[in-house]
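What follows is a single chain, given as structure tokens, in the form predicted on its own.
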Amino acid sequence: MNRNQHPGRDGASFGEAELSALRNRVGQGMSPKRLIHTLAVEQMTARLCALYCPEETDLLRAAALLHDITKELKTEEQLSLCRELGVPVAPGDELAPKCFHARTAAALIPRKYSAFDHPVVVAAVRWHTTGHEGMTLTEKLVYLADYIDESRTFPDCVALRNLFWDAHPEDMAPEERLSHLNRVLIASFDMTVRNLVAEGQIISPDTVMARNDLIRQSVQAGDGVQ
């Protein structure tokens, strides 16, 4: 196994050939629009990995390809899949249906995409929508890539993409680059919360806790927040 290949739960490894096959496979189950987004997230994930963790690039490209495999299912189908896969559903979860796909996609990986059943992959897929308290670096990168990929044209997505790249993180020292990532993530959570409040929608407690955790970290590090 070379250093760019990663073992799945069964000991298998994956690199470019396996990622290409995965790309083709997930594309067969998506609408053209969803596939364009998925491929753009993979590309953005690779760009972010080059800055933060090059050694995790293939793992996170796999996560990017898998992150929306259940996105286009209807709420009733999501709930049925939750029951089938043993995903807990709390009262009121159906009021935030956009959060289901991260949970069902992550739960589906061991069953349908077992070669990619790696804890880094599964966790990045699981938390790419809401975030959570104590996010790992790899979870942060897939979350951000999903928000700022080049296929996104929503004003908040464009603004966040500019906020990240206009600061030229490639020229920053490692610690400064990590602080910049956290500040941009805080801005993303602020955008999400404002939009959900404006729409009268449920806000995931995981999103609130993720935001607050990053603010605490920033204050403790003396960075402040934007």
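All values reported here derive from a predicted model rather than from experimental measurement. Numbering starts at 1 and follows the sequence shown.
Form predicted together with a small molecule: not shown, discussed below.
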**Request:** Give a yes or no for residue 103: in the model of the complex, does one of its heavy atoms lie within 4.5 Å of a heavy atom belonging to the small molecule?
**Result:** no
**Asked** Is there a heavy atom of residue 96 no more than 4.5 Å from a heavy atom of the small molecule in the model of the complex?
**Response** yes
**Item:** Proximity of residue 196 to the small molecule in the model of the complex, heavy atoms at 4.5 Å
**Value:** yes
**Request:** Considering only heavy atoms, tell me if residue 204 and the small molecule come within 4.5 Å of each other in the model of the complex.
**Result:** yes
**Item:** Every residue of 71, 128 and 192 near the small molecule in the model of the complex, heavy atom within 4.5 Å
**Value:** yes
**Asked** Of the listed stretches (180-188, 42-50, 159-167, 63-71), which one has a non-hydrogen atom within 4.5 Å of the small molecule in the model of the complex?
**Response** 63-71
